[in-house]
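Given as structure tokens, the chain that follows is alone and in the form predicted on its own.
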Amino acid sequence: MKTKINFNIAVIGLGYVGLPLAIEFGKFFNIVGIDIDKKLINNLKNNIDKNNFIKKNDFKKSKYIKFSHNYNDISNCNIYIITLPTPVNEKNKPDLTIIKKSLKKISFLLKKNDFIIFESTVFPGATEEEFIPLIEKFSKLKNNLDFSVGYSPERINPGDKKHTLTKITKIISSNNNFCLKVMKSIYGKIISKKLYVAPSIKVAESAKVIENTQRDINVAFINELSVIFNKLNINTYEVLKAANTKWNFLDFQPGLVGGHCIGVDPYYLSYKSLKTGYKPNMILSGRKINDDFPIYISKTILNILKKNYKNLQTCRILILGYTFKENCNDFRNTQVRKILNYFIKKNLNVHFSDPYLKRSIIDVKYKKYFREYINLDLLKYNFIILAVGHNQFKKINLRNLYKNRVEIFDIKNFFNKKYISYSL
């Protein structure tokens, strides 16, 4: 292998993970950002990020970056960083199709002494058992002899302004020392905290997948407690507030667990565990609780409505918030959809609104239920469900809603409890 290298980096996949990474690298290295979405690429060429995380000024600071949807434009690169999604299929099994399709294209471009680095979340062993054999097959090159592979799990948290890419500890790993040196050289340029070298790729893969699995299990525990306390007619948030006075009590809140990480990653770990012959009871139980929780909330609300309205059709319901978490526009795997679908199937008069979403990106089947947040008249509704705690909702005149007898079910414990009617 070479001991000196000029870095020409390709970042494959320009979503929530890839774009910030490409922008930061573009301040120091020659970068080509690749995505098959032609509309996305055209926007990026015009310094427009549809997710609003990268500002126009950030694009200008990234002086050495180019964007393309054509893989031929990365043929001169020597480092390929994979930031593609790893979803699950309809049976909640890992779906690595997107990465594998991309790797086939990259393999035909791969040259001796090139590097491939994965940032996508996978199950332990995926890089060495699934990806490297595929690369070797199509490139006709040998790992550690002709090319090197590294793994550095992403830790992007959409909407989080504090724990941004450059301000977190970054895990890096590889199965050869030279690749680790290269990873230290490139990531060390953009990470202001520190780099943590994991002893193996499998350790790094495992660390990433348990980060979100741990959170999923903790939220599931709190969600189950909220079901119990509801039956006992005890306010869950008041219980948590009291319990949090103990120095080592973990501060988790009940809620909807969706998105592309926390609601998905546990299935990757459980898939690998089942392959070994061990059924991960706690992980799967946590997943079931969180998957079922939106329906529990929906049934709870329906019982309230039945008590308050002789004719349910006269009740106008609004769901506030639709994205999978607060202060971002990502609605992949949002659990709010389950609540919306529940009331749609009951033929109730329900709408939803979210300040981060526009009608143009809403699925066709839901467009008739969507209301633009701009100029939305909340007084038109009898019952409001606060599903996502966006900062914009802090401006709502709760006192006015209260005076006009608009009832609020606050899933997130977001509003001043003086003006809300129901919570978990």
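Owing to the predicted nature of the structure, the values given are computational and were not obtained by experimental measurement. The numbering used is simple: start at 1 and walk along the sequence shown.
Below: the form predicted in complex with a small molecule, not depicted.
Proximity of Ile34 to the small molecule in the predicted complex falls within the 4.5 Å heavy atom cutoff.
Contact between Tyr71 and the small molecule in the predicted complex is found at the 4.5 Å heavy atom cutoff.
For Cys261, a non-hydrogen atom is located within 4.5 Å of the small molecule in the predicted complex, even though that partner is not displayed. Leu21 falls outside the set of residues with a heavy atom inside 4.5 Å of the small molecule in the predicted complex. Checking 141-149, 178-186, 114-122, 301-309 against the small molecule in the predicted complex, the stretch whose residues place heavy atoms within 4.5 Å of it is 114-122.
A heavy atom within 4.5 Å of the small molecule in the predicted complex is found for one listed residue only; from Ile411, Ala10, Ile408, Val17, this is Val17.
Proximity to the small molecule in the predicted complex, taken as a non-hydrogen atom within 4.5 angstroms, holds for one residue of Leu348, Ile295, Ile98, Ile234, which is Ile98. Contact with the small molecule in the predicted complex holds for none of Asn92, Lys272 and Asn290, as no heavy atom of theirs lies within 4.5 Å.
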